[in-house]
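Take a look at this single chain in structure tokens; it is the form predicted on its own.
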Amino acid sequence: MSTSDADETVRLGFTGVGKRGQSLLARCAEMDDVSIEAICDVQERHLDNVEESLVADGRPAPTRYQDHERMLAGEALDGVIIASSWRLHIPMAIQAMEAGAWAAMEVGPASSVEECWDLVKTSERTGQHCMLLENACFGRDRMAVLNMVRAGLLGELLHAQCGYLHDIRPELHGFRESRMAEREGMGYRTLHFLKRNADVYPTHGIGPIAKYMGVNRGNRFMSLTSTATKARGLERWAQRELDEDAPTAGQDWAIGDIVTSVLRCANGETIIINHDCSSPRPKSGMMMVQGTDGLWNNDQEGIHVEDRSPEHEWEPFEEYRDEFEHAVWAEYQDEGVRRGHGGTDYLVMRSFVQSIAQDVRPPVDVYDAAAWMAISPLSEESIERGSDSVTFPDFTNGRWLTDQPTFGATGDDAGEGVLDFNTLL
């Protein structure tokens, strides 16, 4: 795509330009082939911050809106980036596709399996794509492991572990500025913890693992079981740190401190996902991939490969990363890694923009979004049923049987009509 041709400029709108939305918008503002046409937020000061920043960088002031549907009706947009509250991601993405634009959603849980189906069916009916902005898939180590898996270094995959383990008790008890927070006295994320006993943040962990295992492309999730511990951490923190009249003091929290889910895949692999945001602990992704010939463990920062590693010992991952460095990251480091979650924010936004420009299926598509986000309501159902196994929907309607893995492919390996990661930057 020629960045000098105005007709080929990708026209974007942004809904939700608080802290996270502003960060994503800033990454797109670094791209010469992007025009930021419109911004939407219920907070006037967020709109002011974005407009001032863009004008200071020499860009035109975008049109301002406080209503998502009005922005869609008033603008000719190629893509819409949605960084609003969790429960609005899917409904707003559906509205964007109905209006003839591609949608890109920030991560979060689905509220129901039904809305995941609505997302998929809208994309198929309108012909507009929807991408989940799961930046965890684009990390340097994650993409090096992808190369290792595809090169057969670990053998045939058997099992993986992942999760989101992050002590965010102060955030969950704090005031998050949104329309809902102004009304309820607490933020949208907090309300999920109060009302839902589920894994409410599964995609950071499951995203890279699903790519390694070819989920939706030759493999799929078949069933899920979930179990939750009792809820203690958030209540204990409130007793120690908050006044009695604080909005979250004395609340009866629904979510268990530690939620453990086990997924079974069509090709015989198993995956454990943990969620823990209520305990005093260091942050961890708990990521591990195990095959017939070895395993990689992110928390150990190590790898063990049979007939290559010393017996019963970990080897440093860095040496293997250098050997299996992904072409995307080799080029990215030469060009200069941008800000935002170790450089992944730029890569995930660039992949969305480039997919629009080339009119190809995005690397994290609507079927990925539906499957990964559906873990939340399915875990909720399993816990409610005493940790019974629940059947995982096939959002591809059988397409997984013939679709081939493409995420991270480069050059000739990418295949016809697939995003060419050699031009990602």
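Computed from a prediction, not measured in an experiment: that's the story for all the values here. All residue numbers refer to positions in the sequence shown, first residue = 1.
Omitted here: the form predicted together with a further copy of the same chain. The next part is about that form.
Is it the case that 45, 147 and 211 all touch a further copy of the same chain in the predicted bound form, with a non-hydrogen atom of each within 4.5 angstroms?
Judged in the predicted bound form, none of 45, 147 and 211 sits within 4.5 Å of a further copy of the same chain.
Can you check whether residue 389 is within 4.5 Å of a further copy of the same chain in the predicted bound form, heavy atom basis?
The answer is yes: residue 389 has a heavy atom within 4.5 Å of a further copy of the same chain.
Taking heavy atoms and a 4.5 Å cut-off, does residue 282 contact a further copy of the same chain in the predicted bound form?
Close contact exists here: in the predicted bound form, residue 282 approaches a further copy of the same chain to within 4.5 Å, heavy atoms only.
Closest heavy atom of residue 156 to a further copy of the same chain in the predicted bound form, within 4.5 Å or not?
Residue 156 belongs to the contact set for a further copy of the same chain.
Answer yes if any heavy atom of residue 307 is within 4.5 Å of a heavy atom of a further copy of the same chain in the predicted bound form; otherwise answer no.
Close contact exists here: in the predicted bound form, residue 307 approaches a further copy of the same chain to within 4.5 Å, heavy atoms only.
Quick check on this chain: which one of 106, 293, 235, 141 has a heavy atom within 4.5 Å of a further copy of the same chain in the predicted bound form?
Answer to the contact question: 293.
With a further copy of the same chain left out of view, which of 125, 341, 230, 195 would have a heavy atom within 4.5 Å of it in the predicted bound form?
Contact residue from the list: 230.
Tell me which of 344-352, 202-210, 83-91, 312-320 has residues with heavy atoms within 4.5 angstroms of a further copy of the same chain in the predicted bound form?
Checking each option against the 4.5 Å cut-off leaves 312-320.
Going through 240-262 from first to last, which residues have a non-hydrogen atom within 4.5 Å of a further copy of the same chain in the predicted bound form?
Result: 240, 257, 258, 260, 262.
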